[in-house]
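Given next, in structure tokens, is a single chain: the form predicted on its own.
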Amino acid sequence: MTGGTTGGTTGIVRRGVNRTMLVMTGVCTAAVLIPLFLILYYVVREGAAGLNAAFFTRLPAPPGASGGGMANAVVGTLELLGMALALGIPLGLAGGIYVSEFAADRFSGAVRFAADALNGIPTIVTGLFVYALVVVPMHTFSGLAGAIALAIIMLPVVLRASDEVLRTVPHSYREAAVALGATRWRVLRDVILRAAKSGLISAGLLGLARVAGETAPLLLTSLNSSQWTTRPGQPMASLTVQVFDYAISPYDDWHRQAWAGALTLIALIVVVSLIARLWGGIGDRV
């Protein structure tokens, strides 16, 4: 009788602890999501009023004048991200392949540790490094310097994500290919990379989403421009820097456009993140 009472009491205590932990988990989740939704709501509310055709087609208006847009910053952002992808993705994927497929090598652990350390460095420090390495010798700010800074920030994200993706490929795939006489390079090219293709694309997109909203490194590298700029060797406009400049200005119309630019950036990051997740989900089902 005593054992039954003790067991019943223990069950009640466990159920109580379970309910308490579920409530605490819900409270913590709400504490994270509520500020996020409030930020998104405020940005959408303020930024929607500034979005129009002129915002995407016109150059910035002179200081104090109303109207104009951020067409040069939109194009500059796409150029910077495109150059950063061209520089960062190949290096990140190569590093991910190395630390995953050559894990027995004595340098693979050092590469993984370096990637983790680089991922934790403040981005403004990366911008300062590129400023000293590229901007000072070239004697000018440039879109190329901004792209290099973004590529360095993107590199550890792509490396670690691609490493995790490649580790999910079953080891039996490698053994079967080797048993059929394939060389290590053929196994990597025709079996492993094909099996992990969707995940590797998602890794690249995650790296893109990571750097799309960076401001500090671009202030020290690509700076900004109020004109159309397509040459990598010249200062280049970007949405992040343009939003920063407009937000600290004393002009109400520039504040309106800053909110519109912030909304455009958030939309870009959300779309890229969703594509990465959907692409990864499709790859898992296939």
Partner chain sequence: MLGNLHSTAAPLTASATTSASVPGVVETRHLDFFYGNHQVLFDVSLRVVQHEILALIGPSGCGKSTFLRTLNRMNDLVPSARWQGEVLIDGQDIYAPGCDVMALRRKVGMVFQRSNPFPFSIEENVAYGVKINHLARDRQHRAEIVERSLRAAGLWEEVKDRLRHPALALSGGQQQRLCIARALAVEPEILLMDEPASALDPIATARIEELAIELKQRYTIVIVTHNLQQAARISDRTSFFLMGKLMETGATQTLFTKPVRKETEDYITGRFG
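Positions refer to the first chain, counted from 1. Because the structure is predicted, anything quoted here is derived from the model rather than measured.
Another form, the form predicted in complex with the partner chain, is not on view; read the next lines as being about it.
The contact residue chosen from 97, 83, 195, 124 relative to the partner chain in the model of the complex is 195, the criterion being a non-hydrogen atom within 4.5 angstroms. Think of it this way: in the model of the complex, the partner chain has a heavy atom of just one of 178, 110, 78, 132 within 4.5 Å, and the residue is 178. Only one of 179-187, 148-156, 212-220, 197-205 places residue heavy atoms within 4.5 angstroms of the partner chain in the model of the complex, namely 179-187.
The partner chain in the model of the complex is approached by residue 191, whose closest heavy atom lies within 4.5 angstroms of it.
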